Each structure stands twice: as structure tokens, then as C-alpha cells.
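Coming up is one lone chain in C-alpha cells, specifically the form predicted alone.
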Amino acid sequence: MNSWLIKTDEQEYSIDDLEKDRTTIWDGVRNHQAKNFIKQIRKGDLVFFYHSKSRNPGIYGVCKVVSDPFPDPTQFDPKSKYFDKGSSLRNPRWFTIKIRFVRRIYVPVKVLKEKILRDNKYFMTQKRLTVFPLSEIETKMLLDNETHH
């Protein structure tokens, strides 16, 4: 089992939305590095749900991946803001996973930067990367430092 951090804008899709929906597909990722990470995610992996554009940025939830990666359906929908006219059913460009809400936690960005993810190059230097892997040590530290919300 691997662990991942996924970032979202709280106004676009929040931990409250996920808790209410219980499951969702993680669609709309349009960054090639993030796409390559999504293609490595597997059913059963752990996901930490991070609010990036928030008054209090940080990790707000723990999720489980409930599907292997599959083509993101929004790339084929001309009405979607994530539509990609260059993508086809035969040769999709973008992928997604389905995640399930497990529980709320809160780990503030200050703790992440100063203690837990201070050596994570993706977190510290690639601010706009919305999906990236976490090490076993980072995962353990997150679970050990969580504040139940």
C-alpha cells in the first residue's frame, strides 16, 4: 500500500463535500506529472486530503482509494471545463481514481512544513502539484500527529 497527498481548493470541492458524498472521482487533473502519479495509484492506497486555498491550509481528511486508475470522463465531455479535444476513448490523455472518505483529521500547513513534509520536494517546491506520493515515514508521522476534527 502506498500513500498520497491530493490537493483541492476548498471552494471547489471540500472535505465536507466528500464526507457528504462518501465517494467521488478525483477528476480534472490536467498536469502531466500529477497524471503520471495518478497512474501509479492503486485500489487500497491511502490518500491525505489537503485544502490548499483555504484560510487554514492543511490536511483535513484521510481517504481510501477504491479503484485503480481509469480514464477521466471529463476529458470527453464538451460541456466540461476539463474537456480535452485532443483526447479520445482509444487514447485517453487524463486519468482519475475513485476515493472514499474514511475520517476527518487536521494537520495544519505549519506542522507539515516544519516537521512532517519539510524534506518532501513535491510539497516544498512544487506548490501547484495536486497529487504526489508520500513516504512511509511521512505517512506514519501524519497519522501520529493528526488531530481528530
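A residue's number is simply how far along the shown sequence it sits, counting from 1. As the structure is a computational prediction, the values presented were derived from the model and not from experiment.
Another form, the form predicted together with the DNA, is not on view; read the next lines as being about it.
- For the three marked residues, 35, 64 and 135, no heavy atom of any sits within 4.5 Å of the DNA in the predicted complex.
- Proximity of residue 11 to the DNA in the predicted complex falls outside the 4.5 Å heavy atom cutoff.
- Residue contact with the DNA in the predicted complex: residue 20 places no heavy atom within 4.5 Å of it.
- Heavy atoms of residue 57 reach within 4.5 Å of the DNA in the predicted complex, making it an interface residue.
- By the criterion of a heavy atom within 4.5 Å, residue 40 is excluded from the residues contacting the DNA in the predicted complex.
- Per the 4.5 Å heavy atom criterion, the DNA in the predicted complex is contacted by stretch 120 to 128, the sole one of 99 to 107, 41 to 49, 64 to 72, 120 to 128.
- For the stretch 30 to 53, the set of residues having any non-hydrogen atom within 4.5 angstroms of the DNA in the predicted complex comprises 30, 31, 50, 52, 53, in sequence order.
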